[in-house]
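Only one chain is given next, in structure tokens, and it is the form predicted alone.
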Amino acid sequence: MKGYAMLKIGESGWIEKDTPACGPLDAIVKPLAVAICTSDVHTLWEGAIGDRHNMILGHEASAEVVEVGSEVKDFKPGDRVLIPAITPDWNSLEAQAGYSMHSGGMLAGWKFSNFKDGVFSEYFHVNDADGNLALMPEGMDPADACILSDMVPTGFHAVELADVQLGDTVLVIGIGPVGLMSVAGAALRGASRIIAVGTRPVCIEAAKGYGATDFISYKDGPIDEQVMELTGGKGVDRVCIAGGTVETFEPAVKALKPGGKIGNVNYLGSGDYINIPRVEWGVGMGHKDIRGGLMPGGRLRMEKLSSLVTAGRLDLHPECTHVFHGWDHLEEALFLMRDKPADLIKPVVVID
């Protein structure tokens, strides 16, 4: 089979590999659509998780089942399925402890394009199929379904980590495809005011549709100062970090009320340390919680999130601003995500 791979840091291209083998609990699937993630950019061009050689990229896809293992009970060839970017080993001790995304070690639930070949290939392997696949709802667009792989569960996880409550004022830093889902998740959880940090008009318009009430730009000055001006010096109850750098935690802490919580799902692709301002953190005693986490994966998560779509509570279509058809456009879509033109939110490649 052919796959689009990271050859080494900064270099990528199409390669030939053997079709993966199917274990008794596993599945082999073929993509219906794949989406490009900023994480692919961090991995390929920044070497954020270290060098990888001839590793097929990608972790966002919707697919059709081709083969299942002898012990798979709930899926069969021909099923159209949702696949989370994080595919834990559900019998692991970490999963039993409630942290399935770290099954086998920190971040080890993230397998695609990290520990094993990803989804930018004619076929790919899914471990623990009964635990990690979910049936795609009837009539769902395969391109929209890709957004359920990563953007929705990751953006929503920032909201969960920040513990957004009814009536909260929430700051969402970064309104790319993940941050937009943090806006949507905060709105679904009952936030009364959602302050979004972003500059691209296409993202601002989408954020309005998802429930953002106020907008600020990091280009107009320090984020925390603008937040304090908007809130009359009170600050915010919760912060969701879905973009930025290791420097972003400083304004987040400064903008947060005592007793507030920060939920970070931003992939920090470079930098050695995170800046936490000592005084604004209450000299260590301000009850300003900082939590960062990899999104939960698994079938139940996919089923619950897809039900929000089928119930009309969540519209995924605004995320997919650039839809291509055919593998020949995969590299174009990848470079588009790297360069991030003003009209881009998310590029998706539908496999016709």
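When you see a residue number, it is the position in the sequence shown, counting from 1. In this text the structure is predicted, and so the values were computed from the model without any measurement.
What comes next is about the form predicted in complex with a small molecule, which is not displayed.
The stretch that touches the small molecule in the predicted bound form, counting heavy atoms within 4.5 Å, is 175-183, out of 120-128, 138-146, 175-183, 228-236.
Put simply, residue 267 is close to the small molecule in the predicted bound form: some heavy atom of it is within 4.5 Å. Put simply, residue 286 is far from the small molecule in the predicted bound form: not one heavy atom of it is within 4.5 Å. Under a 4.5 angstroms non-hydrogen atom cutoff, the small molecule in the predicted bound form lacks residue 193 among its neighbouring residues.
In the predicted bound form, the small molecule lies within 4.5 Å of some heavy atom of residue 42.
Out of the listed residues 75, 99, 218, 281, 218 is the one that sits within 4.5 Å of the small molecule in the predicted bound form by at least one heavy atom.
Here is the short version: of 132, 113, 154, 103, the single residue with a heavy atom within 4.5 Å of the small molecule in the predicted bound form is 154. Although the partner is absent from the chain shown here, none of 168, 262 and 302 has a heavy atom within 4.5 Å of the small molecule in the predicted bound form.
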